[in-house]
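Just the one chain here, the form predicted alone, laid out as structure tokens.
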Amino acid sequence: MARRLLRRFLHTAVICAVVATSVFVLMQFAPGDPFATALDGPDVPPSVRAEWRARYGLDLPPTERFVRWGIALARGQLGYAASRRQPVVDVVADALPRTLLLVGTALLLGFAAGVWIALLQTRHHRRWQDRVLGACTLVGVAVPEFLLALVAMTWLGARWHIFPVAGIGSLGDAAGWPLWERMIDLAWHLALPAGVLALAVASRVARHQRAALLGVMREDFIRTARAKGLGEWDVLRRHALPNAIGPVIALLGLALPSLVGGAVLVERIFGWPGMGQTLFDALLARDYPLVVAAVLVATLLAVVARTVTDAIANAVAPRRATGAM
């Protein structure tokens, strides 16, 4: 167990080092720097530009900057976000919980909905219900998240006024509301961005779960359960689903990077102040330390999610073996 954890830790460290180095190198080829917009005006003296670039090490050769940056990163120092005028750690600590709330809600809702859709499709295999739900999940997989977000914002927000179109909470004196009102207000603002991401997750989960269920339904223990007089829903829920859900759980770990990538544009569209919005603004401002930190956080989330889902899938695997006997 200790050896496995050590391998996981080393694997995570290597991935983060490769990703961080790649992002740093790519940033060196990007034009400008964090102060290009503010300091390249005709009224700014050259001495002021040189002073600011020297203060943040932007006048050093790329190799020396990379060495200094690597040493600081190894010490846990992520640098200073010039575009936010805050340390990068403070910016990440402020934005990360909101992204975790958004992505976590989308994963839970999408996984539950996807499994339920797959159960319905399997129960009505090759009937019109299966075909209609299959077409819907295919659309959910094919249409990009940002397009779904624009449609949802236009119709459910701007036109029908069912949900707010932007932000994380109501303006005005919302800070003085009771806790339960603030929770309802947060859920109201969370509904559209989380619903868009959950729809994409549910579509992928449903298609994989349906295939896994159909494979299990041909096993001998399913015929035995039917011979005992169990109804079709009981056979699906109590016997087929526990033995077919392991690969789908592992799929969530692989789907998280694409979900986080989709969250960047979804957060931007809905004005959700999370890591996606932070990364988008940092790219526009050429805030290299903040860009590297945001990519590193996304990488860590993907690796941790893959580790957790693999562990859960391995825990489910013995149930499959037991059920198949």
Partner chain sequence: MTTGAWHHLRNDAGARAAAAVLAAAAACAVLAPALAPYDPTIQPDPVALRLLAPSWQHPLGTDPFSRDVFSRMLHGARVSLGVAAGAMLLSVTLGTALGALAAVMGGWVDTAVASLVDVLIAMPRLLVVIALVATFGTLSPWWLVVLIGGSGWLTTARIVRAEFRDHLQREYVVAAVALGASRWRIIRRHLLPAVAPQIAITAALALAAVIPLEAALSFVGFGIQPPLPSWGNIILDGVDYLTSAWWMVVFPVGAVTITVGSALVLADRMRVAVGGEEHEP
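Residue numbers count along the first chain shown, from 1. Note that this is a predicted model, so its numbers are computed, not measured. So that the term is clear: the rigid core is the largest set of C-alpha atoms that superpose within 1.5 Å between two forms.
From this point on, the text means the form predicted together with its partner chain, which you will not see here.
Screening Leu26, Ala50, Val67, Leu60 for any heavy atom within 4.5 Å of its partner chain in the predicted complex leaves a single hit, Leu26. For the options Leu138, Ala93, Ile71, Leu108, the one in contact with its partner chain in the predicted complex, meaning a heavy atom within 4.5 Å, is Leu138. Listed stretches are 194 to 202, 145 to 153, 100 to 108, 71 to 79; the contact stretch with its partner chain in the predicted complex is 145 to 153, by a heavy atom cutoff of 4.5 Å.
Residue contact with its partner chain in the predicted complex: Ile15 places a heavy atom within 4.5 Å of it.
Using a 4.5 angstroms limit between non-hydrogen atoms, Ala305 is distant from its partner chain in the predicted complex. Interface residue remark: Met217 is counted as part of the site for its partner chain in the predicted complex, having a heavy atom within 4.5 Å.
In the predicted complex, Ala54 stays away from its partner chain, with no heavy atom inside 4.5 Å. In the predicted complex, Leu279, Phe280, Leu283, Leu284, Arg286, Val295, Ala298, Thr299, Ala302, Arg306 are the residues of 272 to 308 with at least one heavy atom within 4.5 Å of its partner chain, listed from first to last. With the core held fixed, Ala227 shows a CA shift of 2 Å or greater between the shown form and the other one.
In the core-superposed comparison between the shown form and the other one, the C-alpha atom of Leu300 has shifted by less than 2 angstroms.
In this overlay on the rigid core, Arg65 has a C-alpha that sits less than 2 Å away from its partner position between the shown form and the other one.
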